[in-house]
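Here's a solo chain for you in structure tokens, the form predicted alone.
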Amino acid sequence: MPKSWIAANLEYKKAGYELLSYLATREGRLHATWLNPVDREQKDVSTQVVDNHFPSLTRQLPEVAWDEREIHDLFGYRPEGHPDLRPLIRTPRWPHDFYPLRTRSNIPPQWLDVEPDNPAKTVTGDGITIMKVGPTHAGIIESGHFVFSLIGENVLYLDAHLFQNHRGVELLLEDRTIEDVRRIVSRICAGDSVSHQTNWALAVETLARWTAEPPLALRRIILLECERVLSHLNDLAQIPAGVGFQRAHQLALAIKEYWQQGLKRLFGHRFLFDTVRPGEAAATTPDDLGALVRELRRRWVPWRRLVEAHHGFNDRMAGVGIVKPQDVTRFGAQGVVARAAGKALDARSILPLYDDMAVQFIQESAGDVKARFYVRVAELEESLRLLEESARRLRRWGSNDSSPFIEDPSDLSGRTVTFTESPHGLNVHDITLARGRVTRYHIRAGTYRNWPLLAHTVPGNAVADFPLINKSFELCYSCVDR
């Protein structure tokens, strides 16, 4: 007898598998795709929605709480037994019978004339203060609404309301041709653009049973690591800003700007949009790449010495915003946040693209802001090493690919789940094609798992610690609010 939906998923979780995707379809099917990080094998668990209801996994697997709330909002399928089925994406302005992924209708709904904000979950009692931050912020970041329950300076509870600018990317991608998809996927977010592009390219190539030759694989590694350097430079600049260490903040932003100008010069775009497509990747010369990395190192080393030597800065980060190992497991945390709390997963180590690169795994155990800061420092330097190694190998191989991509991919059909290690963690695309057109496209970025963990981590800290903790997580709004 086959195992139940809940039992089968729990079995993979207990066995150490990583949840890649939790997908709902218009036909009433649910798919949970698990990855064995040892042998790279994927396992799919599925069930049928009955009368728009299905058994919730959230009580046994808290990491899927948002997935199930999202399924409820977009499809109308109700996860029975879910402990907190408040709207995640929906607002009070949505018509009650409007579920955008349940039908293929492109007719925009008639929004209800009511206040748009969902009610917040707060702590009540004597001496409790409610403080709201956002959704509009004093900067150019995207919208996020944070509702704090405070007693004095201490945070008792944080209710984070994301999805303030939901774009409906997954519906937008449906029925698109392979060429049309490329430009949309490239712009899901600027922080993880190459990662998203690479996932899409790998999906098409997997369905075409086509494997990239070494020069193309090296060019993709170069683009992925260039993106990681850019993201980590940004995050390493923002953490000092969270404590008023303006010299470190401004110098790091200047280094980041130098790197972005170099990316524009080498690849044509400051955020590396439109640099990866099925069968292709933007190229630069090994000499130009090597020169860019050498100059970055010249600027980077003094900055690292500056922050390492500042005892006040290091003391301010220590012990703040501690993520516990059990919460990493419970929330399915990803990327720097997870590795700084002891999780031994960097998807580059299980991605065939990096098989010959011997990526050095970076890990800390303290789980605090300081650990997250120094994991990024070490990962940035590892990325620079990988860029130099890729340039050396590319010089030996040359730039010509010996195996051109298929001329007409319009016959491609099937479902595949692809992943990369983005700057924010394990980034997954679950894609189904029918005769070269998308029938379902589901995106689960690394930052998606970390937002609920951030809300869980902040209570117990002072409210003045929130900017520092938030910047040390440095999560993407756009990847979540896709």
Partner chain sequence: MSHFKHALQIRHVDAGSCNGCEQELTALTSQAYDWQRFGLDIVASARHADALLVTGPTSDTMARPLTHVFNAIASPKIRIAFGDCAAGCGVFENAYAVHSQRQRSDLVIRGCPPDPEQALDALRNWMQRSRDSADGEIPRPIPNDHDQGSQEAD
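Predicted model only: the values in this text are computed from it and were never measured. Positions refer to the first chain, counted from 1.
This protein has a second form, the form predicted in complex with the partner chain, left out of what is shown; the following refers to that one.
*Asks:* May I ask you to state whether Pro214 is within 4.5 Å of the partner chain in the predicted bound form, using heavy atom distances?
*Replies:* No, Pro214 stays farther than 4.5 Å from the partner chain in the predicted bound form.
*Asks:* Does Pro109 reach the partner chain in the predicted bound form if we count a contact as any heavy atom within 4.5 Å?
*Replies:* Yes, Pro109 lies within 4.5 Å of the partner chain in the predicted bound form.
*Asks:* Classify Ile188 as contacting or not contacting the partner chain in the predicted bound form by the rule of any non-hydrogen atom within 4.5 angstroms, answering yes or no.
*Replies:* Judged by the heavy-atom cut-off of 4.5 Å, Ile188 is in contact with the partner chain in the predicted bound form.
*Asks:* Examine Leu266 and determine whether its closest non-hydrogen atom to the partner chain in the predicted bound form is within 4.5 angstroms.
*Replies:* Residue-level check for Leu266: no, no contact with the partner chain.
*Asks:* For the interface check, one of 317 to 325, 232 to 240, 201 to 209, 286 to 294 should have non-hydrogen atoms within 4.5 Å of the partner chain in the predicted bound form; which one?
*Replies:* Going through the listed ranges, the match is 232 to 240.
*Asks:* By the heavy atom within 4.5 Å rule, which residue out of Thr122, Ser365, Gln250, Thr177 makes contact with the partner chain in the predicted bound form?
*Replies:* Going through each option in turn, the one that passes is Gln250.
*Asks:* Going by heavy atom distances of 4.5 angstroms or less, which of Asn154, Thr129, Ser410, Gln261 would be at the interface with the partner chain in the predicted bound form?
*Replies:* Residue within 4.5 Å of the partner: Gln261.
*Asks:* For the heavy atom contacts within 4.5 Å of the partner chain in the predicted bound form, list the residues of 263 to 293 involved, in sequence order.
*Replies:* Contacting residues: Lys264, His269, Arg270, Phe271, Phe273.
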